[in-house]
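Before any questions on binding or motion, here is one chain by itself as structure tokens, the form predicted alone.
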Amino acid sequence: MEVYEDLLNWARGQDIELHGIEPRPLSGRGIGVVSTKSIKENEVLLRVPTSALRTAKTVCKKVSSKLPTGSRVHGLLAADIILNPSPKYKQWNAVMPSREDVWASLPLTWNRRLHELLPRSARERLRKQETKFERDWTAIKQAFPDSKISRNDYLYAWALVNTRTFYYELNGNSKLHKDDRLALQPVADLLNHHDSEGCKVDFESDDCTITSTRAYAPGDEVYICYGNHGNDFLLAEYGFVLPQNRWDEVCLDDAILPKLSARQKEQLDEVGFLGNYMLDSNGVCYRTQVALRLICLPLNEWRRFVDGEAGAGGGDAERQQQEEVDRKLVHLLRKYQDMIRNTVERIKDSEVGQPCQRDLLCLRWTQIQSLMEKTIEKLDV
């Protein structure tokens, strides 16, 4: 516990205030924040002065001056973590996840052959991360050609920034690109995610406050919500999935797009409905309904649906059409479940990567399969 005591002593020196909470190790889950007393709703639990934040303005001049004008804040903060020799953040850095922990959980650091086994949404988000990282790593190599920093050194720092920054808006950064309104926050970055908001985060000109939005008993873990994200997003961005996630969703593009002819894809593209077919606990999205109707129905009926005229022919006709669409959906979901089972078997038979990485992949595919099965049961066709 000494490392946490050192952090709290350092935090007090930065005028950071903790009220009824403290960081603690959690069994099998790294570090979190727990309540040390009974907490009521709407209590301020943490106050961090803006002077304690790490932002673009706090990056060491010896670092920022060598990087191109307009460099992204993500890349700047990562460069500062790895290149700034100042001991100012020693106690804060000491509670950051280890490189081994990051490598075990975050797909960005995994063997590329495991990337192929990610769900489509996670895979697409990962590609965007890779593009951003390569942009920032190229800038670092060009700015510091004599540095002994390796790609993995910078990737570790970049991953820390990716998983631990807070998005904030103040008058002083309103002109920045949305992706550049980022700040690293001591102590606050130890708060874990929950799909239901347990605390709210407010940025003001002088400080950031974390305020409870529910009651906590002594010893309860205190959460914030990183956003209304499904588990594919959480897996790609943060390296974990929630056992229960009310925002979870599944991309069905791999199930639906292969069933479309080239002409049908053109027709969907013309009306802005090609791809991004999603399923969540409430069923499939409207985009999916549009695509399925193009597969199932005569073209004139499909156009009526797209134009918002569905139901004009009478309730029975519309009900029959929906039943046909539901049958097609169930058929495609069952085919997709077969593919998922094959994918899980491939993962289990593989020796690529670490066992914990393969276990996380299997868990995610199992969650997807369960979400599909619930939809099939609801439709009951």
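From a predicted model like this one, the values you see are computed outputs, not experimental measurements. Residue numbers run from 1 along the displayed sequence.
Heads up, the form predicted in complex with a small molecule isn't pictured, but that's what we're talking about next.
task = Let me know the one among 247, 203, 240, 103 whose heavy atoms come within 4.5 Å of the small molecule in the predicted bound form, would you?
result = Only one listed residue qualifies here, and that residue is 240.
Single option in 236, 140, 191, 83 placed near the small molecule in the predicted bound form, where near means a heavy atom within 4.5 Å = Comparing distances to the small molecule in the predicted bound form, the residue within 4.5 Å is 191.
task = Could you tell me which of 123-131, 292-300, 182-190, 72-80 sits within 4.5 Å of the small molecule in the predicted bound form, going by non-hydrogen atoms?
result = Within 4.5 Å of the partner lies stretch 182-190.
query = Can any non-hydrogen atom of residue 63 be found within 4.5 angstroms of the small molecule in the predicted bound form?
reply = No, no contact at 4.5 Å.
ask   = Is there a non-hydrogen atom of residue 226 within 4.5 angstroms of a non-hydrogen atom of the small molecule in the predicted bound form?
value = Taking the distances in the predicted bound form, the answer for residue 226 is yes, it comes within 4.5 Å of the small molecule.
ask   = Wondering, does residue 315 line up within 4.5 Å of the small molecule in the predicted bound form on heavy atoms?
value = No, residue 315 is distant from the partner.
message = residue 163 versus the small molecule, in the predicted bound form: is there a non-hydrogen atom within 4.5 Å?
response = Contact check for residue 163: yes, within 4.5 Å of the small molecule in the predicted bound form.
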